[in-house]
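Take a look at this one chain, the form predicted on its own, written out in structure tokens.
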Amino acid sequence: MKGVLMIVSGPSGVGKDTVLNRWFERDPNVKRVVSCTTRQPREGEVNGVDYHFLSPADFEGMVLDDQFLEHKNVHGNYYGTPLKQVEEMLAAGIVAILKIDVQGALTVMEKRPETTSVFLLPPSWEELERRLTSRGTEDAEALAKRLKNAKDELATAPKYQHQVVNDDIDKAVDELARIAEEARK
């Protein structure tokens, strides 16, 4: 079976993790590519599961050895998609999911035009605001920044091959699975 490299992007609060985790539960041939980062692990994060936590020197060495499909510096920490893991997953016939931001997605789409790109949309702006507010994880300033970033990110949705509205988790997963199946052909 042919492997598929699939980008899934969307604004904060749209439900990317929820939808992807449901898809991973349903299909063992769909897996997330684990990104590398130089930031410190947050409470509960596991090395090799949530991220590959690297020292800045190790990360820079991987950059010099051209071991990333894409990489960037965000707020003083590096993030990158390990090329070897992507290649291994594709060779094994896996649907390799890159849950990355718009910047990284555009880089991958340019480097790998065969990549299937999906932008996850909220059912409405009001629902996205409700989801972000109800999480209660940010103060008013951080929430305002997330909402501004969400508007900017939503404007990039037409650059993706597919847009999937997350108004029902199972429906969104079904749509992602259909898109991945089509990409296998």
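Keep in mind the model is a prediction, meaning the values are calculated, not measured. One-based numbering along the sequence shown.
Separately, the form predicted in complex with guanosine-5'-monophosphate exists; it is not shown, and the next lines address it.
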Worksheet item: Among 37 to 45, 156 to 164, 23 to 31, 123 to 131, which stretch has residues whose heavy atoms lie within 4.5 Å of guanosine-5'-monophosphate in the predicted bound form?
Response: 37 to 45
Worksheet item: Does guanosine-5'-monophosphate come within 4.5 Å of any heavy atom of residue 112 in the predicted bound form?
Response: no
Worksheet item: With the cut-off set at 4.5 Å between non-hydrogen atoms, does residue 100 touch guanosine-5'-monophosphate in the predicted bound form?
Response: yes
Worksheet item: So which bits of 69 to 103 sit within 4.5 Å of guanosine-5'-monophosphate in the predicted bound form, heavy atoms only?
Response: 70, 72, 79, 80, 81, 99, 100, 101
